[in-house]
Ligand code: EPU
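This document starts with one chain, in the form predicted on its own, laid out as structure tokens.
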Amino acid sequence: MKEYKDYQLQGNNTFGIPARCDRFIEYAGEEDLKEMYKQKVFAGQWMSLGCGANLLFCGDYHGTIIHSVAQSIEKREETAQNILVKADAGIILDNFIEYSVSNGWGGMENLSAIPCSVGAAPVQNVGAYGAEAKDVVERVHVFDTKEGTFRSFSKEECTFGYRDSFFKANPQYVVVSVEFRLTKAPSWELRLDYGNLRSALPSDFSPEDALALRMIREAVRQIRHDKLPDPAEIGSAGSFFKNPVVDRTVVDKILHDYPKMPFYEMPNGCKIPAGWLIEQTGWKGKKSGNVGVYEKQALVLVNLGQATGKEVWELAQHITLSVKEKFGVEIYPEVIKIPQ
């Protein structure tokens, strides 16, 4: 366990926003969490931080930030059809996906290149190209910071929703590790029909190909590279807004004026791409001081250099209002504002 005082967080959030916290603790596992509990770290102001890819610091954080650096991967069960793998929270999600694909384990390839940690994946129920973390999460192991005990949540107990889970509303639980149920050939359930994924695959692609998972992963990575900025070069949090889910009546009303509007049928309504809504209001590529809307994807807000969190948040509010006025649809940030 390593501890730092008055810690600079600019390198710990993908927006590259300068902010400080009173105390920053790197921990490597369960014993460190128990020690922090003994030291009453969780009795004060605290939060858990993964890759910092879904946070917007609008000021300094006056409290303790904890960050897992645990990196172990363990096979738990294996059959001819699938495998259960336990991964520590501190692992970069894309590194775990690479490990899985290299071993021929399917289910996570569509989530490639999402900037987050394994621990954050179930909390946010991260998703992309028709797949979500909930599709493969079997169990989540956590530390209860109020009781000082460890417990496990089944998939059902996680109550996953769209970019949501039980843990998002109950931050007392720190994710320690996640068990993923992944599939083995020929039992792969490939998802190829979301967005332009299928057209991005090689012309000779076959679901039966031994390299199918690798091809899908590389196609997803290329698509994301082409339309999303590299946080190492341009600060951003990836998709800033959630795609709104609305009643079919709302969709029909918009289709009257925009017959080519893309949308997707959902069990509880229809999902409209927030990026499309934002682009129609004219924000794509626009700049406002040190922040802007990415020229290749209107869903992404970017730090053009020396931006503050408050500047980013103000731009987000202006965009939200524009979409509401034009379409009567509310869009909400996927990014979490700190302090809230």
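Note that the structure is a prediction, hence the values are computed from the model and not measured. The first residue of the shown sequence is 1; numbering continues from there.
Note that the form predicted together with the named molecule isn't included here; everything after this is about it.
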Wondering, does Tyr129 line up within 4.5 Å of the named molecule in the predicted complex on heavy atoms? yes
Would Lys184 show up as a contact with the named molecule in the predicted complex if we use heavy atoms at 4.5 Å? no
Does any part of Gly309 reach within 4.5 Å of the named molecule in the predicted complex? Heavy atoms only, please. no
Whether Pro273 contacts the named molecule in the predicted complex should be assessed with a 4.5 Å heavy atom distance threshold; does it? yes
Heavy atom within 4.5 Å of the named molecule in the predicted complex: which of Lys227, Arg214, Lys168, Arg76 fits that? Just give me the one. Lys227
Picking from Phe205, Tyr99, Tyr258, Tyr194, the single residue whose non-hydrogen atoms come within 4.5 angstroms of the named molecule in the predicted complex is Tyr194
Only one of these stretches, 298-306, 37-45, 311-319, 57-65, has heavy atoms within 4.5 Å of the named molecule in the predicted complex; which one is it? 298-306
For the heavy atom contacts within 4.5 Å of the named molecule in the predicted complex, list the residues of 7-36 involved, in sequence order. none
